[in-house]
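A single chain, nothing else alongside it, follows as structure tokens in the form predicted on its own.
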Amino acid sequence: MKKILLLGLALVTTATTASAQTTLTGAGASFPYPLYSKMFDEYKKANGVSVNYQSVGSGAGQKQILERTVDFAGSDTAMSDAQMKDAPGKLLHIPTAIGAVVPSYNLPGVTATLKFDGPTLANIYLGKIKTWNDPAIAKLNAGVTLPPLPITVVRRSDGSGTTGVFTDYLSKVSSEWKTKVGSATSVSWPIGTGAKGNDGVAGVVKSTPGALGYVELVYAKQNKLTFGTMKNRAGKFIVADNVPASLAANGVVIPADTRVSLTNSANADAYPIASFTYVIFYQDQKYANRTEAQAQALQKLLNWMVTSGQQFNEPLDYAKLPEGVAKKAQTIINTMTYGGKKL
């Protein structure tokens, strides 16, 4: 009897140790980094699985998943068919949250929340609008005294999903932007001071009077940056928040693979620069030195992120996934295999 008890204790100890030693790695978007930091900390407490996520930008995350050096990548824009064609296996996408990209600025002496629209932002980033008291900005902000301060345009220097979302929006509202610059995680910027990551852009805006930059909402709030309201497709000026960001998905047909743009939503109350943020991973998990246990650990983590993990979205200023989208994500996760065998 004593031997049986000791054997049972040994098995429990071994299982616990194995669970505690399980580590998953991810890299990519800075957009969801505050959310993922919280999610992965809570997940480790509950399940004993460590998740090491590096906030290196969506472009770098996409590169690392193509090279199979991480378990998953984070990206605010879905990879295109062209980007995935050289992948050594089938890549899958699941959204984990909806976030908003806001025009944040540092304008001493101006206490009113400024209003922006898409064409004006495009012209600022094209270098056509150079000062804060330009007639185009003044027209949107009647009654606000704007200084003749030069606009210091701040943008990302790294491959960035936030850039992908921002330029996707600008391409939809400005034909000139679409023709001259276009939409991608990395573009040839006409002007601007580059900074790495959402935190880098936020830092430059915070320290530079006259600066304007685009950042994910939580970074604006964490850095106590002022950010403007955006005129949406229906003509309403909307303050970025969880509900208007979530409404960007209303009325949008979400394909089975969930790769879709939410910017410039037709919903009358939606915030116009909103996006899913994605986790990207391989459908078949048997590659390199991966074990089936590692594959199962990733599958469990992903299922948790789109179900129980959603409780952490709203407190950190990310919108939760709509119920139908979460179910589509689970369907995708459940197609994961190891050596062709369903997990």
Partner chain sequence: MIEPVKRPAVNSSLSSASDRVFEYIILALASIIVLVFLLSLYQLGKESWPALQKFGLSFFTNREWNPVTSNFGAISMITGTLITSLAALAISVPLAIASALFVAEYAPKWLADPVGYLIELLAAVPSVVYGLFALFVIAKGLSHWQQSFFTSPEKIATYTHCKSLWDAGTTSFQCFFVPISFDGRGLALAIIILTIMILPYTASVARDVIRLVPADQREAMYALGATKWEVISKAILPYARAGIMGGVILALGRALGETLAVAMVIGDSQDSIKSIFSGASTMASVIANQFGDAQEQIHRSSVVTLGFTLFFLSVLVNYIARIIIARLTPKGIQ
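Residue numbers count along the first chain shown, from 1. If you're wondering where the values come from, they're calculated on a predicted model, not measured in any experiment.
Below, we turn to the form predicted in complex with its partner chain, even though it does not appear here.
With a cut-off of 4.5 Å between heavy atoms, is N198 one of the residues that contacts its partner chain in the model of the complex?
N198: no contact with its partner chain in the model of the complex.
Can you tell me if T77 lies within 4.5 angstroms of its partner chain in the model of the complex, counting non-hydrogen atoms only?
T77: contacts its partner chain in the model of the complex.
Test of understanding: in the model of the complex, would N250 fall inside 4.5 Å of its partner chain by heavy atoms?
Answer no; every heavy atom of N250 is more than 4.5 Å from its partner chain in the model of the complex.
Although its partner chain is absent from this view, report whether N223 comes within 4.5 Å of it in the model of the complex, heavy atoms only.
Outside the cut-off, so no.
Stretch in contact, per heavy atom within 4.5 angstroms of its partner chain in the model of the complex, of 134-142, 226-234, 156-164, 252-260
Selected range: 156-164.
Please tell me which of N313, T277, Q285, Q62 lies within 4.5 Å of its partner chain in the model of the complex, judged by heavy atoms.
Looking at N313, T277, Q285, Q62 one by one, just Q62 meets the 4.5 Å heavy-atom criterion.
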